[in-house]
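In structure tokens, the next block holds one chain alone, the form predicted alone.
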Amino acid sequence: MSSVLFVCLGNICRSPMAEAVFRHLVSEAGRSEEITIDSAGIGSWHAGEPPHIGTRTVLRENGIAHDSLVCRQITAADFAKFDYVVCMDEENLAALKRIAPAGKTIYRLLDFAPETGEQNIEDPYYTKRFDHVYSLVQAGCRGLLRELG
């Protein structure tokens, strides 16, 4: 059994997108019983809300279920609960390292997709480039699934 928590700034765009995409890929691989998946934000601004309309739209256009997603803030317990804490960019990484227990490894999603030539997934809340972000999230999630074996 493995567990993965995707994290971005507010859990409204990138991390719920990654949660939905990864959940879809894991289901397609017949591994839903083996891998626990969730997402959270560093901040609490959007807690209790559904993901951003741009995220919901790009997921719907790509046939990815997302109706059960609700934004939440990361908690101290998450660091113990999840084997993989996976963030979206350098800013998220720095923030998570400040609050994570000593020795906890934090990954960036694109660590699992070196073929993209990128390390950070931009925040479409500001850039509005949801399709581009989706393609990077898809690549990272595929790589992460390979990593999990």
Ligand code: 4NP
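Note that the structure is a prediction, hence the values are computed from the model and not measured. Counting begins at 1, following the sequence as shown.
In what follows, reference is made to the form predicted in complex with the ligand, a form of this protein that is not presented.
Checklist entry - Thinking of the ligand in the model of the complex, which stretch from 23 to 31, 76 to 84, 101 to 109, 117 to 125 has heavy atoms inside 4.5 Å of it? => result Going by heavy atoms within 4.5 Å, the stretch is 117 to 125.
Checklist entry - Would L9 show up as a contact with the ligand in the model of the complex if we use heavy atoms at 4.5 Å? => result Answer yes; at least one heavy atom of L9 falls within 4.5 Å of the ligand in the model of the complex.
Next on the checklist: Considering non-hydrogen atoms and a 4.5 Å limit, does the ligand approach C13 in the model of the complex?
Outcome noted: Result yes; C13 sits at the interface with the ligand in the model of the complex.
Item to check | 4.5 Å heavy atom contact, H66 to the ligand in the model of the complex | outcome: No - in the model of the complex, heavy atoms of H66 and the ligand never come within 4.5 Å of each other.
Next on the checklist: Given a 4.5 Å distance limit between heavy atoms, list every residue of 68 to 97 close to the ligand in the model of the complex, or none if there are none.
Outcome noted: Nothing in this stretch is in contact.
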